[in-house]
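Consider the single chain below, provided in structure tokens and representing the form predicted alone.
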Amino acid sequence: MNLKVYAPDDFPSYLPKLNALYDDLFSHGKGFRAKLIQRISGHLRLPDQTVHLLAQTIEFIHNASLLHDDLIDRSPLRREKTAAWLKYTPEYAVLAGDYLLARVMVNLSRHGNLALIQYTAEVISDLLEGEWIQDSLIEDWDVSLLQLDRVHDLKTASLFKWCIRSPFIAAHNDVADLHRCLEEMGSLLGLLFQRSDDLLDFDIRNYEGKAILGDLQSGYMNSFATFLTRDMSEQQKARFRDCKTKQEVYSVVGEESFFSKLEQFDEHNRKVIELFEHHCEQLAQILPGDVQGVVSDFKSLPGILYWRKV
């Protein structure tokens, strides 16, 4: 499935720099969110063109957020390649992200499902609101997990909510209990994914080889950093935020204490997974028999998103 092209005028040939930028951006993505939509849509027997539109929509929104995030964070790399703002200038990165979001609304408008258009607009608004709040937390060394959870729900979970709810909206299934359950499940998936992503910053289950301590060095206390330092003295916290290597982190936290807190953090998130599984059981009671297969697909997601089992 070619997610880059849906309508012929999405990426006009008379804008070569735009096309080159998107070729770079889309060429190394895993497309996990699009694949999730495809699995759910298969159970709902949605038409291929609708499935493609939904999959492309989430990829456009997700990649637009990456273009903007990299610029805001001044991240030099994206998917092991030079970030767009460095390769093409910050102005082009902003315009490219804005263009993707505009194409989303154009293509959804052509589809004609008003509920889907409205929900997508709300998700984009949440995404941007989360970015504003996250930016306000830079160099806030006393940030709480509760504050971070709010950011994660707006920035990360909003896209997972869209992935699991949009196929049902496209199928014109407007059962309120169903969407309430899916909304809660999306929130939990986003929380698990982001907390797992925060662990990568400390080289935990870092199968992707992500650069470590990037969040900390940019002045951002992610969820695991906040968990690690919650009982520290101000002097320890000051030393912690100056760490540039894992060994320096171990020297401040204590290596044994570091891994003990990792076990506590994992246990904390096992409870989130248990809550997600409870919602799966609720979902099974709501869905008709011919769609029950989607529940099995949902049950596999915490392992993929938190434990990074692929």
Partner chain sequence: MSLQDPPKTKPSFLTIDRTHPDFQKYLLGELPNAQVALPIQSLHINSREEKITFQILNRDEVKKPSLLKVLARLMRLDLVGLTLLPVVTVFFEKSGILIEHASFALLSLLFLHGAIYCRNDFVDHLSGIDRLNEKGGSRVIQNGWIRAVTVRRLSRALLVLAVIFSLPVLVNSLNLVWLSALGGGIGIIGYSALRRGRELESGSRRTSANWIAGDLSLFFALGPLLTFGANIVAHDPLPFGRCALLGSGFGILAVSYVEIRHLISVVVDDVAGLRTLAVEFGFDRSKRFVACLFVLAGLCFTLFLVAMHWPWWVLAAALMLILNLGLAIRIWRTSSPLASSLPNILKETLIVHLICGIIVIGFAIL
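Everything numeric here is computed off the predicted structure, so don't read it as measured data. Residue numbers count along the first chain shown, from 1.
The protein also exists as the form predicted in complex with the partner chain; that form is not presented, and the subsequent description refers to it.
Contact with the partner chain in the predicted complex, judged as any non-hydrogen atom within 4.5 angstroms, is confined among 166-174, 85-93, 129-137, 213-221 to 129-137. Here the marked residues Arg150, Asp153 and Ser187 all reach the partner chain in the predicted complex, each with a heavy atom within 4.5 angstroms.
In summary, among the residues His268, Arg241, Lys246, Lys35, the only one with a non-hydrogen atom within 4.5 Å of the partner chain in the predicted complex is His268. Contact with the partner chain in the predicted complex, judged by any heavy atom within 4.5 Å, is made by just one of Arg180, His111, Arg205, Lys81: Arg180. Although the partner is absent from this view, Glu263 stays clear of the partner chain in the predicted complex, with no non-hydrogen atom inside 4.5 angstroms.
Using a 4.5 Å cutoff between non-hydrogen atoms, Leu275 counts as a contact of the partner chain in the predicted complex. Heavy atoms of Leu159 never reach within 4.5 Å of the partner chain in the predicted complex, leaving it off the interface. The shortest heavy atom separation between Val143 and the partner chain in the predicted complex is within 4.5 Å. Applying a 4.5 Å heavy atom cutoff to the partner chain in the predicted complex picks out no residue from 81-98.
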